[in-house]
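Next up: a single chain in structure tokens, the form predicted on its own.
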């Protein structure tokens, strides 16, 4: 059992990532004099900046690393506790931190994020990128690398493969096409030429302030990327990456080539070998002269084995629930997340959760689904804060409109990407039809129709169709009369439906 309580707060929020910080801000918006503690292991918190509502559900924002003092100055009754959580005692309403302190709470919100699924632990040649420290470590290793293998098909893998230069990249994806989490094979085909083309010049440097982590011998600055599946939170030190995480980093290898990417499709990792293990293994598929010339080897299910300098594990995240489960009886979802209801409440009394650590277990709108992205971490954190405040004030609270329609705006390969609704026909079975319009190197538009009504869309490039399509999806208008003409580039569709 935990020791003597140092203090009891009305509200305690665990995690300095997007969900946690947004939850704190929302609590103060609703109750300006609230007594709130933010428990975070990271020296920086993640703040949403430059927030812009593009349409009713589509939003655009940057994520910045900032010192926690920025929040304390804004909210005088906030206490920031710099420590990781060691344990939670749900029955007695208190959390114990790694540094041995105990804090009571009236209501608790767990926003501890996710941690990367690593291919293997303990190998210096296998890196998972989740926070500024691992991004820094990767930059150091990459500068000497001639060949890397990237395993994974989510946002971080997509950005990494596009950004790395001066190095051969072998990209192992388990699907038939790249970016399977976000796109169908058609969109992947639209993007693939970008991997072969010379990259456009970088846009003007980032003008927003960057807060830095002091390193011996100089300062390194990193901010992070809003499109990546974020890995973050704060039960472990190191908060998730935020917007443009690769912008402050020189992702250059040791070779003179600009970019050489080869994709190995529909394969997974069988085993990772050291040179010695490979020489003595029965799986000796390499020519003897090449065995031993690389520091690490990776064997794939397609029968190929590659030697390389670094293996980047970019295979997604698992909810970071470890410190909270022992001694408590949380209901967990199949993916390991804390189950939350339509008020972001877990199964333990007075405990809420938001962001990557939780799994939405209410009956969702037919056009919404959960994806562990920056956008949803912000939305869930905001809604959890509203629900906690409403309960404290004994007021009713409506389900947030953002849960009506899935929407996500991001950038891949220098293209603007907007995803709406069931953009990959998720859960529709064979009962749907697709309409496509594609202009090579310029735009890719896909619409998902079910029963003549629009239920999802993928927009790549500057299409300016997001608001029109959002309206069509929300209104559920019968589009059968328009047929193929719906995407006819000579018809100004916005005039039709605005």
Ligand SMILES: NC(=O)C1=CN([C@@H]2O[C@H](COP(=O)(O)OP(=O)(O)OC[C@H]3O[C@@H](n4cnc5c(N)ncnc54)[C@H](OP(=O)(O)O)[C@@H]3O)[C@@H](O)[C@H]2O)C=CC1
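Residue numbers count along the first chain shown, from 1. Model, not experiment: these values are computed from the prediction.
This protein has a second form, the form predicted together with the named molecule, left out of what is shown; the following refers to that one.
In summary, the binding site of this form is blocked: after superposition of the surrounding C-alphas, the named molecule from its pose in the predicted complex has 3 or more atoms within 2.4 Å of backbone or C-beta atoms. Of the candidates 343, 391, 147, 174, 174 is the one whose heavy atoms come within 4.5 Å of the named molecule in the predicted complex; the others do not.
Shown without its partner, this chain lists 189, 305, 339, 180 as candidates; in the predicted complex, only 180 has a non-hydrogen atom within 4.5 angstroms of the named molecule. Here the chain stands alone, but in the predicted complex its contact with the named molecule, taken as any heavy atom within 4.5 Å, falls in 115 to 123 among 325 to 333, 100 to 108, 115 to 123, 360 to 368. Interface residue remark: residue 154 is counted as part of the site for the named molecule in the predicted complex, having a heavy atom within 4.5 Å. Of the heavy atoms in residue 402, none are within 4.5 Å of the named molecule in the predicted complex. Within this chain, residue 316 lines the site of the named molecule in the predicted complex, having a heavy atom no more than 4.5 Å away. In the predicted complex, the named molecule lies within 4.5 Å of some heavy atom of residue 408.
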